[in-house]
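Read on for two forms of one protein chain; each stands alone as structure tokens, with the labels structure 1 and structure 2.
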Structure 1
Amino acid sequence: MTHLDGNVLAGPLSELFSVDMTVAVGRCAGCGDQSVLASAMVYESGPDIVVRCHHCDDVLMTLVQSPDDLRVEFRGIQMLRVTR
């Protein structure tokens, strides 16, 4: 099976992140809870942001901001759904 390079993701990902992500529904990898991101617990420490599940307190995602970029890790989200 052949594969495409990551540039093919530009279209689908730009659609995903061009909306208000706080209304996106995520499934926690820890407990399976499915809730909008707006209900998550967010902890800020300088340039770092840690987002935790409001149900089980597991880490859903981390964001690290710098002057040059923004890094996002979704290790605790099994699924992220955005309504069109």
Structure 2
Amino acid sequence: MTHLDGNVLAGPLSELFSVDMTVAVGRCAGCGDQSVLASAMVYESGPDIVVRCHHCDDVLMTLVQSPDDLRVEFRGIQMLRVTR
């Protein structure tokens, strides 16, 4: 299955955070890799999105979108850091 880059998360995550989260550094709970969300692998299936670690392939988070809400599960992100 084809994938996109974490860049594409900028729009959906803007509904949750006030700054661009694609330049935020996340730590993968699976392998400890610390990378910007922009470099994660994004798999889309209709309005649902699975975000995987580009290093170990573990699921970092999932986004489930419906007309009424956006549900984000931070399944494999241990830490998020933004530059001020």
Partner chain sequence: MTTTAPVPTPSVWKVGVVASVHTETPTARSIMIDVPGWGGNLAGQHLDLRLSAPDGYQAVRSYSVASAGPGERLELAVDRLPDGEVSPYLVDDLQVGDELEIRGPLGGWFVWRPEQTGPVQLIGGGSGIVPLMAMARAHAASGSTARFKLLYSVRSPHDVFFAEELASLASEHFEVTWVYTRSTPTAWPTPAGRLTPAVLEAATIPASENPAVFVCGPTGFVESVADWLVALGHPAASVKTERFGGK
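Throughout, residue numbering runs from 1 along the sequence of structure 1. Think of the rigid core as the biggest set of C-alphas that the two forms share within 1.5 Å after superposition. Fair warning: this is a prediction, and the values are worked out from it, not measured in the lab.
One chain, two forms displayed separately, with the form predicted alone being the first of them, structure 1. When two forms of a protein are overlaid on their rigid core, residues whose CA moves 2 Å or more are considered shifted, and residue 23 is not one of them between structures 1 and 2. If you fit the rigid core between structures 1 and 2, you'll see the Cα of residue 8 move by 2 angstroms or more.
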